[in-house]
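Encoded as structure tokens, the following chain is the form predicted on its own, with no partner shown.
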């Protein structure tokens, strides 16, 4: 039987988290940025399946707003509902912290992620031009939000 758990991300999780990050994004976050998030007041969560990290999420809350800074499921585990479970868990953190608005950016080239967010009630409110670095050039980010 598969056991899923959500746990606070620790510094000892960084190697596994960075493997997922590097497999998922052409140019992702650095290990030092991840470390800074863990050491800050951000909500840094790992999703474990049978004690193995298969995903992570990072949410910053301030006053009545929350910002999903990063969320990723290992490419080997995508398409199995784990992203949905992780997003619901992160949304519950926002609700618990009494945030009223949940904000995120998503790559224009990621229709699967966009569809996930839309299925949760996120709507597009803007576009950040040339937001994400790519190996050659940059990519726009769709800005989405949800009223909680």
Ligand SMILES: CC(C)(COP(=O)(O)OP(=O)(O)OC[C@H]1O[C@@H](n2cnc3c(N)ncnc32)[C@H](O)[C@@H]1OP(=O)(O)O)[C@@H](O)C(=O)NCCC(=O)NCCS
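Positions refer to the first chain, counted from 1. This structure is a prediction, so every number in the text was calculated from the model and none was measured.
Just so it is clear, the following notes concern the form predicted together with the ligand, a form of the same protein that is not shown.
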Among 82, 29, 89, 42, just one has a heavy atom within 4.5 Å of the ligand in the predicted complex, namely 82
Could you spot which one of 63, 112, 123, 33 gets a heavy atom to within 4.5 Å of the ligand in the predicted complex? 112
Given that the ligand is not shown alongside this chain, does residue 105 nevertheless sit within 4.5 Å of it in the predicted complex, heavy atom to heavy atom? yes
Is it the case that residue 25, even though its partner is missing from this view, gets within 4.5 Å of the ligand in the predicted complex, heavy atoms only? yes
Going by a heavy atom distance of 4.5 Å, is residue 101 a contact of the ligand in the predicted complex? no
Indicate whether residue 38 is a 4.5 Å heavy atom neighbour of the ligand in the predicted complex. no
Residues of 56-75 having any heavy atom within 4.5 Å of the ligand in the predicted complex, listed in sequence order: 71, 72, 73
